[in-house]
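In structure tokens, the next block holds one chain alone, the form predicted on its own.
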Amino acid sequence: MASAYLIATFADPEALVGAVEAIRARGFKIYDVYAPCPVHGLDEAMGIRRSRLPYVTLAAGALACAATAAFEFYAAVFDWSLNVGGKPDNSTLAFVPIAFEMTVLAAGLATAGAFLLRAGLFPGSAPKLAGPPVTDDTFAVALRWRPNAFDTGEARLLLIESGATDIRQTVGDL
């Protein structure tokens, strides 16, 4: 069964943030908000919690640093030990640049991969947009319409009071 959505478009970001706050204050659940540019305060208005992506970055960087240092120690001490100027085999300062570079590389790749995986932006995925205008220059709020738990008249009135320029109902997957 396809879902129905009530989509309201706004001309400016201030009206969008005000509408999101008003919608959430009345108890409606917002499916998604579309904006052509970053809008300050929109995350707080939507009630979005902080991202867990930095934890992925930290874990991948720490793992890469430890693995690189262990490999360098193994290679320098056990596998291919060389006596260079009487210096000790375990010369930790020589390991720092390579370990740092591998840490940055692994953390960056893991962050990009986790973001793309979590956002569903893998090759062959269909775009999930409310319609062509939301990618151009308008701001939009999408509410999932459920006949048994959603008062369309109240939602439309609230969106019009908040400054919506267009309100339409669509059926399908966003």
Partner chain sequence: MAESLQPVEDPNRAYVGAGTPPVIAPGHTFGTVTDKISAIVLTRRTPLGWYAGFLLAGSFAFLLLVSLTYLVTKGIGIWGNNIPVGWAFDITNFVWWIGIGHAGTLISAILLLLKQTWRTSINRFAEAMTLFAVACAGIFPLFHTGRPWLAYWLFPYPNSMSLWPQFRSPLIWDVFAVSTYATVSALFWYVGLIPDLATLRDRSQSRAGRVIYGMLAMGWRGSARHWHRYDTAYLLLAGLATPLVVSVHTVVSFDFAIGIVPGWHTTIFPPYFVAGAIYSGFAMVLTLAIPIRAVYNLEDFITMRHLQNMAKVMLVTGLIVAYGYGTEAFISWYSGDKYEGFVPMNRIFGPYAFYYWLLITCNVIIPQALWFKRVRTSVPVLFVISLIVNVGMWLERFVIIVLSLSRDFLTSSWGRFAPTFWDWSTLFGTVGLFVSLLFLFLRFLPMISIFEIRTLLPEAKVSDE
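Since this is a predicted model, take the numbers as computed values, not measurements. Residue numbers count along the first chain shown, from 1.
The same protein also exists as the form predicted in complex with its partner chain; that form is not shown, yet it is the one meant from here on.
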Quiz item: How about residue 13: is it within 4.5 Å of its partner chain in the predicted complex, going by heavy atoms?
Solution: yes
Quiz item: Quick one: is residue 34 in contact with its partner chain in the predicted complex, heavy atoms, 4.5 Å cut-off?
Solution: yes
Quiz item: Is there any non-hydrogen atom of residue 17 lying within 4.5 Å of its partner chain in the predicted complex?
Solution: yes
Self-check item: 4.5 angstroms heavy atom contact with its partner chain in the predicted complex for residue 107
Solution: yes
Exercise. Taking its partner chain as it sits in the predicted complex, which residues of 29-68 have a non-hydrogen atom within 4.5 Å of it? Please list them.
Key: 30, 31, 32, 33, 34, 35, 36, 37, 38, 39, 40, 42, 43, 46, 48, 49, 50, 51, 53, 54, 57
